[in-house]
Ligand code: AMP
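Just the one chain here, laid out as structure tokens, in the form predicted on its own.
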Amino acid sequence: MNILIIGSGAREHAIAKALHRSPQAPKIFCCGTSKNPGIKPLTENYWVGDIGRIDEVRTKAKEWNINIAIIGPEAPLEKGLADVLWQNSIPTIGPKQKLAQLESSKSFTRDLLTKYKINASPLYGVFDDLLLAKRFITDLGENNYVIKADGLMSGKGVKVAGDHLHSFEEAFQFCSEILAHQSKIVIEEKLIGQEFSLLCFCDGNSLIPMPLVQDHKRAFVNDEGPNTGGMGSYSDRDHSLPFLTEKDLHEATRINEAVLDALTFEFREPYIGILYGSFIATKNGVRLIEYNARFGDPEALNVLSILESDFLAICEAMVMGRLSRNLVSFENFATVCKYAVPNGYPDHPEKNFEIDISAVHNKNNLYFGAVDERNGKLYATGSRTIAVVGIADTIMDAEQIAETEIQRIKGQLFHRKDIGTNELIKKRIQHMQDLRACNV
């Protein structure tokens, strides 16, 4: 069977590894924006170009007689790549363009929840007028708002009062920047709690959940610094998270199921692919932060590294509408993922410097991101460079494995040393205990 992966980052490297483990021994092909040195050895053929050029990707898929395509990044989904591939009889993991609005338009998602009475949103407003946006921000009050670009901005389109924005003037300036990108502004009441990710496999009818993961967006230790694409993440061996309750998990699952029903009713089209809800547990229950319409990065590295069942069989079931729980099983291990990123990331990253991974002991748990291979050497190209995943019986042990290995990578890089540490997780647990106590 010929499988096409679209994308060439660490997420796609994790997808390629999961496919490579399949007992069906599929032939793997890739269309990427760069030649990932981890994906390349696993492929039969590898095309480098602009994956936003839908016709070129379609041409390659037909030339290679692809049986199933898997879309990694969000941009090709927004452009309608899944629609074109299905039209050419190529079953695709990744929703069609209308359904992908769940990620590509934050206002669409909030309005969908409102229309179908899904109780998961904070107070919010959508604006294309700066004056009206200013009034809404002022009404919410100082340090009580979140400002988001309605469309995709590569993880840089969200700023939170008190964390990134320290005055109304800064907030108004960010609104102006969003409008300058020809995007509407979504302003929401700030939610207080702990964030977590619930990813589900979806065949248009059924949702099968993956282990819960907590991502870390802020660049520096103790959740300081600017937002990034994600500096790392962890999951626990029971597939929940230490600060969550059974009720939290039930609520998040209920929201995902209700949203799938709403999408299906709205468009009369099956949502096929990954439904990824980014949630926050608050003192008043679970609320939705946003949706992604594909695997998260780094979350994919956590969940796919402990996927016990045949990933190709899951993909086949998704595109055929035959997904069932007995097809999906994960090992009962904790995972900790840490990203090494260039000095200066995310705002002014160093670029095109050599990295050395020769001292890493278990290279099977390395995932290449923004890396180029030239003449047998590896070079960082300016974004998240390389991730390490530690796998063990406890989060603490997995963290020690990840930390030890990532320190063996040489180059002008830094990483967050606190992700998955006992100290940080205790803070998360205490934070939620304090919030819940305030609501008693």
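So that there is no doubt, residue numbering starts at 1 and follows the sequence shown. Quick caveat: nothing in here was measured; it's all calculated off a predicted structure.
Below, we turn to the form predicted together with the named molecule, even though it does not appear here.
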Practice task
Could you tell me which stretch in 183 to 191, 307 to 315, 78 to 86, 238 to 246 has residues with non-hydrogen atoms within 4.5 Å of the named molecule in the predicted bound form?
Solution key: 183 to 191
Problem - Position in contact with the named molecule when the complex is considered in the predicted bound form, options Asn227, Gln97, Thr264, Asn343, heavy atoms within 4.5 Å - result: Asn227
Exercise for the section: Just give me the single entry in Leu212, Val360, Ile289, Ile90 that has a non-hydrogen atom within 4.5 angstroms of the named molecule in the predicted bound form. Expected result: Ile289
Problem - Glu195, heavy atom within 4.5 angstroms of the named molecule in the predicted bound form - result: yes
Handout entry: Close approach of Lys338 to the named molecule in the predicted bound form, 4.5 Å, heavy atom
Key = no
Practice task
Examine Pro122 and determine whether its closest non-hydrogen atom to the named molecule in the predicted bound form is within 4.5 angstroms.
Solution key: yes
Handout entry: Interface membership of Cys175, the named molecule in the predicted bound form, 4.5 Å heavy atom rule
Key = no
Exercise for the section: Go through 123 to 149 residue by residue and record those having a heavy atom within 4.5 Å of the named molecule in the predicted bound form; state none if no residue qualifies. Expected result: Val146, Lys148
